[in-house]
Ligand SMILES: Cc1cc2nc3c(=O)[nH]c(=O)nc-3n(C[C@H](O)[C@H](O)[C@H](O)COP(=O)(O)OP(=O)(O)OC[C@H]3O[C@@H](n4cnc5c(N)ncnc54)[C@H](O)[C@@H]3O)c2cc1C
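Given next, in C-alpha cells, is a single chain: the form predicted on its own.
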C-alpha cells in the first residue's frame, strides 16, 4: 500500500512538473508579440517590443503619460484615446472612465497591453515631458511627518513648468524593498527658479516611495523624476481666488503664491489650510508674509481637533463654514483645492451650494 501511494505521488508530481514546463514554453511563445508599431496622433510612429503595458511601452520611448499610482490601475490618470489595437475594455478600467470617455475609446494605458499595432491619441503637451536626473540639494523637516526636498537639476539642467504642476519620482531599492515605484508629488517652488524644484512630501505609513524619501534620501543623493504633469494651475483672469489645502497639499499653493508674487497680482485671495492640531501646521510665517506682499490676501489656518496644549485661538472645525465671509461674489470666484478626495468632494459641494460655478473649481486630488 505504501509503495502504491509513493508511486501515485511520483506520477502526480511528474505530471505537475510536465504541465509547468509546458505552460512556461507556451507563455514564452504565446506572449511573443514581436515588434509592434504605435501610431501617435497620426503624426508619429514608434516601434516597441510587444508584451508590456502601453504605459510602460511609451515610457521606454521617452513618452511619459501621467501615472500617480505608478501603473497599478488605482489612480486613473494615464488616460489616452486608443483608436485601434487596444483589445477589449477591462473591468479594472471602467470605474475611472465616464460615459463620454467610454464612447470616445478612452482607455487606461497601464491596463492596455501592447499585443499588436496600435493607433492612439495623446495630448500634445505629453511630448514636452522629460526624464530628469537631479541631486538632493536640501532636506528640511517641516513637521514630524512632512519634509521639504529641494532637487538641483543635473540633466537636463533646467525645467519649464507652471505653478501647480507635479512630477513623478522614481524610487530606488532599499532595505528589503527591491522593486522601484513611481509616485507623483506637486512642485512647491516657483517656476522662475528653473534650475531646481522643491517638493513637500508627507510620510505615508508603509509607503514605499515616501519611506525611501524620508528615511533613505540624503543631501547629495541621486534622484530621477519625470515631468512636468497636470493642468492644475492658476487661470489668467481677474476673478477672486479661494485656496483650500491640507497636509502636503500646501505644495502647489506655495508655488502658485510665489509665482503670483513675481507676476504682481492684485486679485483678492483667501487661503484656508486645514490641519488636525498645531503640530500639523508648517510654513505659517511664510504664508502670513504674503499678507504683506499682496494688496488683498488672507491666510486662514483651521484646526479640526486642536489639543489643549495648543492653546489655539484661531479657527476650528471644518473650513467650509468660513467661506461665507471670504467670498464676496460667488460667480466671480475661482477655487483651487489640493488634498484628499474626501476633503475635495466636501469643499466642492459647499462651494457649489454657495454659487461658485462648477467649472471654476479646480483641484488636485491625492487619491
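Every value quoted in this text rests on a predicted model; they were computed, and no experiment measured them. Numbering follows the first chain given and starts at 1.
Note that the form predicted in complex with the named molecule isn't included here; everything after this is about it.
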Looking at 189, 265, 121, 210 here, can you tell me which has any non-hydrogen atom within 4.5 angstroms of the named molecule in the model of the complex?
210
Residue (of 95, 220, 88, 205) lying close to the named molecule in the model of the complex, criterion heavy atoms within 4.5 Å:
205
Segment that reaches the named molecule in the model of the complex - one of 236-244, 180-188, 253-261, 292-300, heavy atoms within 4.5 Å
180-188
At 4.5 Å between heavy atoms, is residue 72 in contact with the named molecule in the model of the complex?
yes
Answer with yes or no whether residue 335 is in contact with the named molecule in the model of the complex, where contact means some heavy atom within 4.5 Å.
no
Please run the contact check for residue 166 against the named molecule in the model of the complex: heavy atoms, 4.5 angstroms, yes or no?
yes
Taking any heavy atom pair closer than or equal to 4.5 Å as contact, tell me whether residue 68 reaches the named molecule in the model of the complex.
yes
Just to make sure I understand: among 226-249, which residues lie within 4.5 Å of the named molecule in the model of the complex, judging by heavy atoms?
248
